[in-house]
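Read the single chain below, which is given as structure tokens and is the form predicted on its own.
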Amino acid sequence: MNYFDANTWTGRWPFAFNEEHSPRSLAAHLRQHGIGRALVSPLDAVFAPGPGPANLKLLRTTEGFAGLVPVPVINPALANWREELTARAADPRVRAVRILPRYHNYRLNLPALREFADELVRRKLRLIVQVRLIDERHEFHAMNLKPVPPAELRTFLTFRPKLPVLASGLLRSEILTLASKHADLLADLSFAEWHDTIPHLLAEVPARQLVFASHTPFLVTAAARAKISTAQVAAAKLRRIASGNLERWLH
């Protein structure tokens, strides 16, 4: 089975001893776990004053790694988001961008997000909303950050129906809450945990709305694979979750 990972990162996370991946080491790590392709974003963009240098490095260093699809981080709360988006979208490999509302200190009702979303639609780019980076119960004690609330994301989706959105980092309960109300929403499985996770979700959520994601290096890559490989579900549905849904979403 082909695996297309919706959520991986390069760079260093300052609050834990996670493995610091370069594109080369990330690609090798993913191959060891049978993952042929992955969306990848730069951790250095999370706490930087602006994501530009981290995005530039990501695009430069992922060249030559066909399995790594670069996903720049854009901060629409900054005045230069248009210039940053234009610069990164000039690279034909960029099919989606990622936003980090809580880490960049804004909510999804930020007025600039209206124009930002319209610009993504005009450029035929997709949007990944990073709901959480880590389990908030394990957040560094000085970081008083909460994930994007489902109600906030639901309102954003309601007013931006033409924009293809992937929600990254939703809990199982949040996927169940949102997917039934937004049939076009994709949700990655990185934080979805339950007994027999995939069959449990498929009882209420169509397979077309779920995508495989390991959230490497934050979470255990092998555990993410096991959600798929151990699921007692029809092979056609598993193939869609493992790679097909994400491939279609990007094109």
Partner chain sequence: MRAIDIHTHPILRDDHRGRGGADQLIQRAQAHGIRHLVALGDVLAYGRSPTEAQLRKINDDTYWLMQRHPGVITGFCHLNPTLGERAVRREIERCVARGFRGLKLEIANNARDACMRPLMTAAQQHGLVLLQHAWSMTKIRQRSFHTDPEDVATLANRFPNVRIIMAHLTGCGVRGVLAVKSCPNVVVDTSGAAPEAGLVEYAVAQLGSERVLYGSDAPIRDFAVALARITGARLDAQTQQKILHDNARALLRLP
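Numbering follows the first chain given and starts at 1. Quick caveat, the model's predicted, so the values are computed rather than measured.
Below, we turn to the form predicted together with the partner chain, even though it does not appear here.
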property	result
Residue stretch of 203-211, 55-63, 221-229, 40-48 approaching the partner chain in the model of the complex, non-hydrogen atom distance within 4.5 Å	221-229
is_contact(residue 159, the partner chain) in the model of the complex, heavy atom dist at most 4.5 Å	no
Distance check, residue 180 to the partner chain in the model of the complex, heavy atom within 4.5 Å	no
Close approach of residue 151 to the partner chain in the model of the complex, 4.5 Å, heavy atom	no
Partner contact for residue 139 in the model of the complex: the partner chain, 4.5 angstroms, heavy atom	yes
Partner contacts for 193-220, taking the partner chain in the model of the complex and a 4.5 Å heavy atom cut-off	193, 194, 195, 196, 197, 217, 218, 219, 220
